[in-house]
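Coming up is one lone chain in structure tokens, specifically the form predicted alone.
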Amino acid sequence: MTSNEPTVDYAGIPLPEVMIMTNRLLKAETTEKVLDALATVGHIRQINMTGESLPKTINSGPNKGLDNNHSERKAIEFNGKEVELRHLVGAFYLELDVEDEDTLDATVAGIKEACDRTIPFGYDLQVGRYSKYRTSLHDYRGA
């Protein structure tokens, strides 16, 4: 038996996620604008970002061990706190705290509107479950 609904409950509430995959890697200023716009949307429980790594030091090549002076490795402000960007962001994973389908649809519409305002070059938005939420066989190996 297969279903399109999430199989996990957290405190009795299913936790769907929204994946926002941008068409280009975002600069620090654009990432800050997207996060500020998403902060105005309700029912977002958690935001995870991924993208191209910007390490503090260069990991390989003739300059290995030297400081990485990338122009986009900087701190941004989010919710009154400084957050150091360690990636050129290309994807956002938003865990939603919704109780019914109507709230989910309204929240996704708010997220889409926020992205339309702040991501000028396009993105893909999908609803599903993208992060791990229960233990797997891999968790028991190598410990």
Partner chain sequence: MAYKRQFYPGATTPAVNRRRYMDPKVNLKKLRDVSMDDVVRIMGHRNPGEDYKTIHAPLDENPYETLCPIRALVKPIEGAKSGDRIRYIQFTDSVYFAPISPYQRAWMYLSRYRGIDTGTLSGRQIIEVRERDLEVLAKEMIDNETFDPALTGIRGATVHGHACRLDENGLMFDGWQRYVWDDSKKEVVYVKDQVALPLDRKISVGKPASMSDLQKRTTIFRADGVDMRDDKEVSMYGLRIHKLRTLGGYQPFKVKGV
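Bear in mind the structure is a predicted one, so any value in this text is a computation, not a measurement. Residue numbers count along the first chain shown, from 1.
The following text describes the form predicted together with its partner chain, which does not appear among the structures shown.
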| query | finding |
| --- | --- |
| Heavy atom within 4.5 Å of its partner chain in the model of the complex - the one residue of Asn48, Thr40, Asn68, Thr103 that qualifies | Asn68 |
| Partner contact for Leu25 in the model of the complex: its partner chain, 4.5 angstroms, heavy atom | yes |
| Gly80, heavy atom within 4.5 angstroms of its partner chain in the model of the complex | no |
| 4.5 Å heavy atom contact, Gly110 and its partner chain in the model of the complex | no |
| 4.5 Å heavy atom contact, Leu88 to its partner chain in the model of the complex | yes |
| Sequence-ordered list of residues in 52 to 83 near its partner chain in the model of the complex, where near means a heavy atom within 4.5 Å | Glu52, Ser53, Leu54, Pro55, Ile58, Asn59, Ser60, Gly61, Pro62, Asn63, Leu66, Asn68, Asn69, His70, Ser71 |
